[in-house]
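In structure tokens, one chain follows: the form predicted alone.
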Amino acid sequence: MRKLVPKLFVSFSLPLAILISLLLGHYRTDPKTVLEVVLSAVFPHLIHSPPETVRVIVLLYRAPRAIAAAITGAVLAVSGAALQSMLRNPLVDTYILGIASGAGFGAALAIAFLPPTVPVELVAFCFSLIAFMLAFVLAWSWGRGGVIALVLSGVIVNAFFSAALALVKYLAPDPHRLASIVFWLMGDIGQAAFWYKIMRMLAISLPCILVIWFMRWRLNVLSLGDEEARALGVNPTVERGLLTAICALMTSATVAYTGIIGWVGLLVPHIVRLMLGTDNRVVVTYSIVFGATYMVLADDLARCLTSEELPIGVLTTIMGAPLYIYLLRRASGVWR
């Protein structure tokens, strides 16, 4: 009963956050009109169509942006929850495996040197997967895919691609392209706020999220340690490799469209654990919902806090760093 209120709060937070997102913007819209727009899109023959201007703003700008933010937050949060439990490390998320630096290098390379006909998202996605595969191969070659080997290999690959990214920015021939690289690296949900891009993100992210959700009870076994997992009939190396690859795949598909958005995968799982406990069957489920809510609200702040839109990656870092310090102090007993 004590956890019922937090569960209800998290469950209803996402639809409420999306509704708030549909209302917010420089063009004022009232809740009744927004509701009419949504209902007319679902039931076009039953609901009177609202003004075309409001309909375009809600359905073509605000709605896809809110959905893109929700997908991004869900992917980053569930990946962080899975990796933190599986690797038994509260400071781990998918970015530690080199995914962000690989995607950043790929995007910078495409923007600086490749023709505009080459999609930046495709190059970023390919290099993020290459970075992860390098980290995984290194971990397997000298540590047989163990926890420490995987984390250290990710740190090495991350450092390599970060240096390569700095070199690309230094050699960028056009200052306008350099500015585009810097802006992409700060993160922007607006880059993914198109229905066709959302469909592409969902095509990869949704199956990956479902696989992790169905395997969430196995995270409890993996968090016990390798010897205990083997005693319970689980091969920790295979399971860890599969789950890590799934997290890397869906994070790569997300980062390729939104740029680098940090701290979500680190912060959200800790908040969920403090509210609902450490059982991964619960943590994974509610991390998906709360991560989506967190990102939708963060994007609302990014586009409405000032007259100019703020880079969401910068905003999530400013929000996340002090809160994460507080959460680590509160949750230190959970990880002992």
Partner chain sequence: MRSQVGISKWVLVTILVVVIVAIVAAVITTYLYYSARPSKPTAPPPPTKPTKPTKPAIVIKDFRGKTIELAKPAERVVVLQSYWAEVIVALGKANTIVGVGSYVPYDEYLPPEVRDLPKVGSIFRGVNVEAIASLKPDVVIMDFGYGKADEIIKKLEQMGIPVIGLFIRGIEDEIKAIEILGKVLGAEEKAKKLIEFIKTRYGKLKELGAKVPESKRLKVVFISGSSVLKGGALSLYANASWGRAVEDIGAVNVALHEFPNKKWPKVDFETLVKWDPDVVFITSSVKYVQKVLDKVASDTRWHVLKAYKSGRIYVVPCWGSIGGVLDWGPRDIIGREYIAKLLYPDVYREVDWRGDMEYLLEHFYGIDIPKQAFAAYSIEWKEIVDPLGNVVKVPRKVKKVVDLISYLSDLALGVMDRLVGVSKYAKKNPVLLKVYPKIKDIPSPGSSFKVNIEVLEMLRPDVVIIWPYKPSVVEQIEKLGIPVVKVHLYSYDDVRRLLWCLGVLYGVVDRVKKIINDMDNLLMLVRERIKDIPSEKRVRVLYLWSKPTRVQGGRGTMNDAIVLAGGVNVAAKEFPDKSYVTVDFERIVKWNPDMIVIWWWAKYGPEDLLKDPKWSVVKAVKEGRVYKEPYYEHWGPDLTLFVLWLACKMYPDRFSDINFMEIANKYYMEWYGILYSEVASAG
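Please read these numbers as outputs of a predicted model, since none were measured by experiment. Numbering follows the first chain given and starts at 1.
Omitted here: the form predicted in complex with its partner chain. The next part is about that form.
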{"item": "R177, A193 and L274 each touching its partner chain in the predicted bound form (heavy atom, 4.5 Å)", "value": "yes"}
{"item": "Candidate stretches 66 to 74, 302 to 310, 36 to 44, 279 to 287, one within 4.5 Å of its partner chain in the predicted bound form by heavy atom", "value": "302 to 310"}
{"item": "Position in contact with its partner chain when the complex is considered in the predicted bound form, options A163, L171, I148, L122, heavy atoms within 4.5 Å", "value": "L171"}
{"item": "Close approach of V238 to its partner chain in the predicted bound form, 4.5 Å, heavy atom", "value": "no"}
{"item": "Non-hydrogen atom contact G25 with its partner chain in the predicted bound form at 4.5 angstroms", "value": "yes"}
{"item": "Distance check, V5 to its partner chain in the predicted bound form, heavy atom within 4.5 Å", "value": "yes"}
{"item": "Contact test in the predicted bound form: P207 vs its partner chain, heavy atoms, 4.5 Å", "value": "no"}
{"item": "Residues in 224 to 260 close to its partner chain in the predicted bound form, defined by a heavy atom within 4.5 Å, in order", "value": "none"}
